[in-house]
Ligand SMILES: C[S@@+](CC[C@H](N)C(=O)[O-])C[C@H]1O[C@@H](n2cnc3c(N)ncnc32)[C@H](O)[C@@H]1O
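One chain follows as structure tokens, the form predicted on its own.
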């Protein structure tokens, strides 16, 4: 297996807000190549512990290799981070001191290094099966959505990331083309997008990634998983424990802020409703304005440009 090339985003800020300490247990909800976990272990003394989750068994193997020197301090589990409470129960752990959720797709998954071939996460590179699943055993693939959803459902799917006329043009093109032959590879999907998005003198290359993003979000149920995952992570933290969330596009940014604001407690219903019921506060939101990566980090790792860091502390 090739050495991982994915670079962890905002590692210094993750450490600053997670505040790892010796003798404490932390969860890396999306361990990927293990970069963030390595940094956390380096700052948690000789006996800090990491529980690393990932839906991709190949990513877990990459992390296992990268964290080999900390083997006795690392527990790897093939599971989605929104099921952290069940994972901790199975491990007979009641609460943890911190949890990280990194919503970014791994560069290894984009390049297909972790499975010997790609799963269709990206439109550049070689022609690949249109799967886009983080869990390779997941039965529903991206191609299934393209070939089986109604035109109305496809419009809702692509409406998350495409704009105006783009949505209708893309969905009509997909429906038309799948009548001729099922859409099963990145090459064919990209050609459909290139033709549909190249209207009125526009450069389709600029908008193709947005269509891929919409399909990836849908097949992995990413937004609902993020909402459930933040809520589950907060419940898994002990008082004073911290949650750090890294988001990478506007849908994730907004959902993370909204969910953490809700967990801060306060009135249920309109703000002007005097004397109405209130939610109990579960967290203190530490970053009402999410943190951006530094200019030097973006210069060294352009993939970090869109990252935003959100942090909260259990109360």
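Since we're looking at a predicted model, the values are computed, not measured. Positions refer to the first chain, counted from 1.
The form predicted together with this ligand exists for this protein as well; it is not shown, and the discussion that follows is about that form.
Candidate site formed by 8, 53 and 104: every one of these residues places a non-hydrogen atom within 4.5 angstroms of this ligand in the predicted complex.
Between this ligand and the residues 190, 225, 122, 161, the one pair within 4.5 Å by heavy atoms in the predicted complex involves 225. The contact residue chosen from 79, 177, 184, 231 relative to this ligand in the predicted complex is 79, the criterion being a non-hydrogen atom within 4.5 angstroms.
Partner contact region in the predicted complex: 95-103, out of 237-245, 202-210, 95-103, 169-177, criterion any non-hydrogen atom within 4.5 Å of this ligand. In the predicted complex, residue 27 stays away from this ligand, with no heavy atom inside 4.5 Å. The closest non-hydrogen atom of residue 59 lies within 4.5 Å of this ligand in the predicted complex. Using a 4.5 angstroms threshold between heavy atoms, residue 44 stays clear of this ligand in the predicted complex. Residues 29, 30, 31, 32, 33 are the ones in 10-33 with at least one heavy atom within 4.5 Å of this ligand in the predicted complex, listed in sequence order.
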